[in-house]
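Have a look below at one chain only, the form predicted alone, in structure tokens format.
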Amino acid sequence: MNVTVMPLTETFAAEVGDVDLGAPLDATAFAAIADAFARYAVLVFPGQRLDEEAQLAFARRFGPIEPNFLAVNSEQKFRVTPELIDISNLTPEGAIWEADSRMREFYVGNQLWHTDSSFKRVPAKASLLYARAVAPLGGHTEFADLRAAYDALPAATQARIAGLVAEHDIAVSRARTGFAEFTAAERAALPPVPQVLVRTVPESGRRSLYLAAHAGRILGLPEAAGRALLDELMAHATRREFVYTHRWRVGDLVLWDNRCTMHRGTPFDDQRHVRDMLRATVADVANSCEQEGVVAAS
């Protein structure tokens, strides 16, 4: 199988063709995809026809599937297998959610710039989001290249942030949108965790910022100074020259590297149009501090 890779920009995001992800991939085809993933960080596979197990089978080629943290809530019902994250506006029964739905209020946080699961001690390596139904207007996903953003920083800023550690907490990002309705089990399962501010992507050797709306403070810095630095880096990393916007089509599967990108969803009329998206999330090998050999300050 000869996989075709068409860059969307010179170094960030590419479309991948001549591949059926619903069928087993031979070693040569997967190696071509892995090489493209290391180079472009965001890969778009158009025209796929995947059931849940086929999506998970492809995701497992990149590593183990991380647990769905919502499963710690014994009252949580799922529309699809809990191994997949249901990024839709549908209830477990398949109806469009109500305006005051708890999950609707929770998922507003996905419109903030973030990287998946940085609020877990072992964060996400990769995410694979598959479109089964899309809204006719809005509902795009924007991706920011944190490698290019790091490269564009002044040398003095790179030196200033070397070795710094931020504290990531899902409650921090959700508080920004007014959501605070976590269950006791959810809070116990998701305590604040340390993550480095700058990390190296092993496959490419490139240095990258590691940012998210989940980051609330920088350990070892006064709170106001740490917050100002995080805000400064977020504003820099999401400048237009670092951002690719994906306009979804039914059958698109988008794979991205959470270690060196951020993303956010854009609004759509979620009380009128169905948006049915499923995400497989691949766990990283260890906490980012452990990978970088950095000891988190208190």
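Position 1 is the first residue in the sequence shown; the rest follow in order. From a predicted model like this one, the values you see are computed outputs, not experimental measurements.
Just so you know, the form predicted together with a small molecule exists too; it's not on screen, but the next bit is about it.
Out of the listed residues 110, 76, 204, 177, 110 is the one that sits within 4.5 Å of the small molecule in the model of the complex by at least one heavy atom. Proximity to the small molecule in the model of the complex, defined as a heavy atom within 4.5 Å, singles out one entry of 72, 153, 221, 87, which is 87. Contact with the small molecule in the model of the complex, judged as any non-hydrogen atom within 4.5 angstroms, is confined among 96 to 104, 180 to 188, 163 to 171, 136 to 144 to 136 to 144. Not displayed here, the small molecule is kept clear of residue 197 by more than 4.5 Å at the level of heavy atoms in the model of the complex. Residue contact check for residue 129: one or more of its heavy atoms lie within 4.5 Å of the small molecule in the model of the complex. The closest non-hydrogen atom of residue 256 lies within 4.5 Å of the small molecule in the model of the complex. Mapping the unseen interface onto this chain, residue 114 counts among the residues with a heavy atom inside 4.5 Å of the small molecule in the model of the complex.
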